[in-house]
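A single chain comes next, written as structure tokens; it is the form predicted alone.
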């Protein structure tokens, strides 16, 4: 009877998916956690020694890692917040009956469809500080001074954030636009008849109805932004100096050689950085769910 209930229930359909998740998610995570407790290097993969929490102790006392962690948090908060504002504003605009809005939607979405690596190289050429730079060339033609987009640390950080906003806001726009089109038109029209302003309709109708979708969009965008790698590699390479070094890029350099790893490939230490990235990402997700879904349901 037990076997018959099992076969008749949902588990036969779930077992393949659970097995795939265990094989491609749980096992790699468990292996990385073990790897972070060893001194494994690319040159001595078969000779790893268990070192306990030494990698984590080193990371939390390493000024270069703490600096990259600080910039990663700044980059994530700034980029996600502004990307949401820009993307949501675009969604509100393109949800209106504008002529040619399908063309506008497609053009804006192109920035998200393009690979992050290509986006970085493209903006590196546009913001090039030499005479070949398109943006600086336009500024000179207008009689304005050229900007040190990548050679000045402060400007380089701002440039990286702006480029990521240019790309991520399209993703937010698609999410919000889909949600806006599910809001019953009757609710909005009734509010307009009652004399509600545009801000009141947004605050009391649109935002409450989209709160769940906003939470999901922010979770996905935060995870992608915090783990950014390709954009930094192609846009600034972590420079000038280490001004735009993110945790994801430092993890790669540490695990596979180069920079402070001196070409040795410190896989164990890189795995420890990856585990910390996972913990921070998980904390972001739990926080968003706590503030978004649970509070919306009156349980927080």
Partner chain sequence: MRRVTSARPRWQREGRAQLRFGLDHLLAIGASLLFVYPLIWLLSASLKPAWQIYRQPLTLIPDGATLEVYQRIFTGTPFPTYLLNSVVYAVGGTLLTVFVGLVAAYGLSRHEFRGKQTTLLLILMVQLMPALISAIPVYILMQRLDLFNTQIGIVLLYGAVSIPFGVWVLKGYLDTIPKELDESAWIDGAGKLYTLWRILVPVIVPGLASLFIILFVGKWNEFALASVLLRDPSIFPLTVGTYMLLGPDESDFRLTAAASLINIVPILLVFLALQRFLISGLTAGAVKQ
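Rigid core here is just the name for the largest C-alpha set that superposes within 1.5 Å across the two forms. Since this is a predicted model, take the numbers as computed values, not measurements. Positions refer to the first chain, counted from 1.
Omitted here: the form predicted in complex with the partner chain. The next part is about that form.
Trainee: If you check in the predicted bound form, do 70, 144 and 209 all have a non-hydrogen atom within 4.5 Å of the partner chain?
Mentor: Spot residues vs the partner chain: no contact at all.
Trainee: To verify the annotation, which of these, 91, 156, 214, 223, has a non-hydrogen atom within 4.5 Å of the partner chain in the predicted bound form?
Mentor: None of the other options qualify; the answer is 223.
Trainee: Report whether the minimum heavy atom distance between residue 122 and the partner chain in the predicted bound form is within 4.5 Å.
Mentor: Contact with the partner chain, yes.
Trainee: Determine whether any heavy atom of residue 256 comes within 4.5 Å of a heavy atom of the partner chain in the predicted bound form, and answer yes or no.
Mentor: So residue 256 counts as contacting the partner chain.
Trainee: Is residue 27 close to the partner chain in the predicted bound form, meaning a heavy atom pair under 4.5 Å apart or at it?
Mentor: Judged by the heavy-atom cut-off of 4.5 Å, residue 27 is in contact with the partner chain in the predicted bound form.
Trainee: Is residue 108 near the partner chain? Define near as a heavy atom within 4.5 Å, in the predicted bound form.
Mentor: Within the cut-off, so yes.
Trainee: Residue by residue through 99-120, which ones have a non-hydrogen atom no more than 4.5 angstroms from the partner chain in the predicted bound form?
Mentor: Result: 99, 104, 105, 106, 107, 108, 109, 110, 111, 112, 113, 114, 115, 117, 118.
Trainee: Using the rigid core as the reference frame, would you say residue 157 shifts its C-alpha by 2 Å or more between the shown form and the other one?
Mentor: It does not, since the residue 157 C-alpha is displaced less than 2 Å between the shown form and the other one after the core fit.
Trainee: Using a rigid core alignment, state whether the CA of residue 81 is displaced by 2 Å or more between the shown form and the other one.
Mentor: No; residue 81 is a residue whose C-alpha shifts by less than 2 Å between the shown form and the other one when the cores are overlaid.
Trainee: Inspect the rigid-core superposition and answer whether the C-alpha of residue 141 shifts by 2 angstroms or more between the shown form and the other one.
Mentor: Comparing forms between the shown form and the other one, the residue 141 CA shifts at least 2 Å.
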